[in-house]
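Only one chain is included here, represented as structure tokens and corresponding to the form predicted on its own.
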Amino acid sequence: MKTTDVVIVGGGVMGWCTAYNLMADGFRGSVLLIERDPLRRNTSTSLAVGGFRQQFATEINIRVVRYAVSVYRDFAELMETPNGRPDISMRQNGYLFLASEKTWPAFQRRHELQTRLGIKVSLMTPEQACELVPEMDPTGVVGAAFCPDDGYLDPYSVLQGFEAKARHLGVKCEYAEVIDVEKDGQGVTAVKTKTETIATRTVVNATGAWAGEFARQIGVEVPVRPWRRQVYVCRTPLSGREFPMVVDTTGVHFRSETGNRIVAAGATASDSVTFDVAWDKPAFEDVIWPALANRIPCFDTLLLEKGWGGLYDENPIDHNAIIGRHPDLPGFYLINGFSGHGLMQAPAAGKGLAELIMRNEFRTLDLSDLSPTRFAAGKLIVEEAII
């Protein structure tokens, strides 16, 4: 039986980011990442829209994404290997949230917290919002919030960057399915795949939307379920136009994509608890397109080119990340439940979990509010800025 100091289960951005941070911070042990799908066809990272924003309503989420933005700005340099520097196509075109009369008071309340924490958020009149997006019809909009430091990037390139650097620093990877985690009275003792048993005292659950299922498989509970969302890519009639991420009063949102395209998403009837990532094309005509054309009238001539379904690793209790040791199984660490915010929070989450594993404490950012112990203690995180 071979022995590894840390086994990370899951090869999405959380798994590779944690692996990278362990080695970059000087961990002297061995780290093995196990991923069951070499092509990562259904990995949530690969299917993400790619947005990042600091416009949250809770201090912990604002601080987490602010740290992540600083990492993404320096990503090419930080993830450089002898094979070169990754290009994550980071665009800080901003996030523009549109407010209705009902939601405007919450915008103002959030703005106070955001500015106190140093986030450059401007509250705007509808006329000022139209200066950013001249094509917009402001009907029903009473105000807006804009942060120019928000934006979007290429999710798969981020994943590749973390993976390449982690491998360069000595992280090993195997493609296999973990079928069990063995335990004794002191906690985790080994990870079992279909072909081998690997002795270890530290296992990281980085399985994304499968986190709850994986935990139940080994006899513990993690409040995470797979929640399907839809994404649509359209060609626009506007040539050479770049938009911020525009979040409509309906919740439908879109951002620029290369080649006069936009990437759009929003809640549809297809949103459900399932591992099936089937694409719901009709929902575009029923929900997404009408909202887009209502807000941007020239979008009534959009051409739908493609789309896909993807999975949130949804925490249905308070819709926020779960980072830390599992309270019922020593040696079992969680980095789960990001509920659609994983890519924008990954650098801070991976950094924090690596510090907890290595030093038994958070040092760079205090992520204790995101501990899995908060559920039993009733210390939930109420985040109202969810899309």
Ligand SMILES: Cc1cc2nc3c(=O)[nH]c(=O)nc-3n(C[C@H](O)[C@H](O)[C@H](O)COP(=O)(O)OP(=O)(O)OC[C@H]3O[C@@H](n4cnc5c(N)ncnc54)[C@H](O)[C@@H]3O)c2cc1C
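As the structure is a computational prediction, the values presented were derived from the model and not from experiment. Quick note: we count residues from 1 along the sequence shown, nothing fancier.
A second form of this protein, the form predicted in complex with the named molecule, is not displayed here; the remarks below concern that form.
Every residue in 12, 210 and 342 with a non-hydrogen atom within 4.5 Å of the named molecule in the predicted complex?
Every listed residue reaches the named molecule in the predicted complex, so yes.
Since the chain is shown here on its own, which stretch among 114 to 122, 169 to 177, 76 to 84, 129 to 137 would lie within 4.5 Å of the named molecule in the predicted complex, judged by heavy atoms?
Within 4.5 Å of the partner lies stretch 169 to 177.
Does the named molecule come within 4.5 Å of any heavy atom of residue 310 in the predicted complex?
Answer yes; at least one heavy atom of residue 310 falls within 4.5 Å of the named molecule in the predicted complex.
Does the named molecule get within 4.5 angstroms of any non-hydrogen atom of residue 55 in the predicted complex?
No, no contact at 4.5 Å.
Taking the shortest heavy atom distance, is residue 320 within 4.5 Å of the named molecule in the predicted complex?
Residue 320: no contact with the named molecule in the predicted complex.
Is it the case that residue 61, even though its partner is missing from this view, gets within 4.5 Å of the named molecule in the predicted complex, heavy atoms only?
Flag for residue 61 set to no.
Select from the listed residues 214, 146, 107, 243 the one whose heavy atoms reach within 4.5 Å of the named molecule in the predicted complex.
Filtering the options by heavy-atom distance leaves 214.
Could you tell me which one of 356, 68, 34, 31 places a heavy atom within 4.5 Å of the named molecule in the predicted complex?
Of the listed residues, the single hit is 34.
Output the sequence-ordered list of residues from 179 to 206 with at least one heavy atom within 4.5 Å of the named molecule in the predicted complex.
The stretch touches the partner through 206 alone.
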